[in-house]
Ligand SMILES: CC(C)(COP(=O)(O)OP(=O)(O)OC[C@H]1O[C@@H](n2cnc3c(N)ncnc32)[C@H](O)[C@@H]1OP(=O)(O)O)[C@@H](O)C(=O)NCCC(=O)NCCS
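Take a look at this single chain, the form predicted on its own, given in structure tokens.
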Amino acid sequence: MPMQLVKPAAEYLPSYVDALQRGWSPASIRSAEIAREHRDAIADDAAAFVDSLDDPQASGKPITLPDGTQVPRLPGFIRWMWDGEFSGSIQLRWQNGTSELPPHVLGHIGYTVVPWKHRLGYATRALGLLLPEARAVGLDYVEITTEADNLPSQKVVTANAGVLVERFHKLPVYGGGESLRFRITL
């Protein structure tokens, strides 16, 4: 089965949990902690966990930033990469009425592929499939950030018409280091 994007649902959850148990995490910062939080949330209330991954109305709880400040949740949703089993995730977040993001948000889109499915083109395909959904929520462009040394991720973005717009240093709370910001016009 070719990789497709699916809305998270109970039928896919066992494969998602398997990926978490195999060491994959949906986050690059605090990855082990986030994976544990997801496993715990699924154990507590699997249906609520799945529902929380699709929040285009931003009805979820506020987000606590690394410095403890709370900010309103942005509208957004997660789609899972699926080829017969869970293969990764891609997330879209935005502010209504503008393509700009608040300063604490590094990009509109984040994605990660399980390690055992790297180099299959899944991230490139997932990003291409998500772009029409970004256009549908009213965005004129999306921004995606990558680490300066993450050549595979840069190739994913440029394969989807991404253009480098700036080099910057992330704050230490976001992992620090030199990063690149790309923009894809929709």
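These figures come from a predicted structure and were not determined experimentally. A residue's number is simply how far along the shown sequence it sits, counting from 1.
Heads up, the form predicted in complex with the ligand isn't pictured, but that's what we're talking about next.
*Asks:* Would you say all of 31, 39 and 52 touch the ligand in the predicted bound form, counting a heavy atom within 4.5 Å as a touch?
*Replies:* No, because 31, 39 and 52 lack any heavy atom that approaches the ligand to within 4.5 Å in the predicted bound form.
*Asks:* Applying a 4.5 Å heavy atom distance criterion, does residue 61 contact the ligand in the predicted bound form?
*Replies:* Contact check for residue 61: no, nothing within 4.5 Å of the ligand in the predicted bound form.
*Asks:* Is residue 66 part of the interface with the ligand in the predicted bound form - any heavy atom within 4.5 Å?
*Replies:* No, no contact at 4.5 Å.
*Asks:* In the predicted bound form, does residue 123 come within 4.5 Å of the ligand, counting heavy atoms only?
*Replies:* Residue 123 belongs to the contact set for the ligand.
*Asks:* If we define contact as a non-hydrogen atom of the residue within 4.5 angstroms of the partner, is residue 111 a contact of the ligand in the predicted bound form?
*Replies:* Heavy-atom contact with the ligand at 4.5 Å: present for residue 111.
*Asks:* Only one of 130 to 138, 42 to 50, 143 to 151, 66 to 74 has heavy atoms within 4.5 Å of the ligand in the predicted bound form; I'd like to know which.
*Replies:* Going by heavy atoms within 4.5 Å, the stretch is 143 to 151.
*Asks:* Note that the ligand is not shown here; using its position in the predicted bound form, name the residues of 155 to 172 with a heavy atom within 4.5 Å of it, in sequence order.
*Replies:* Result: 155, 156.
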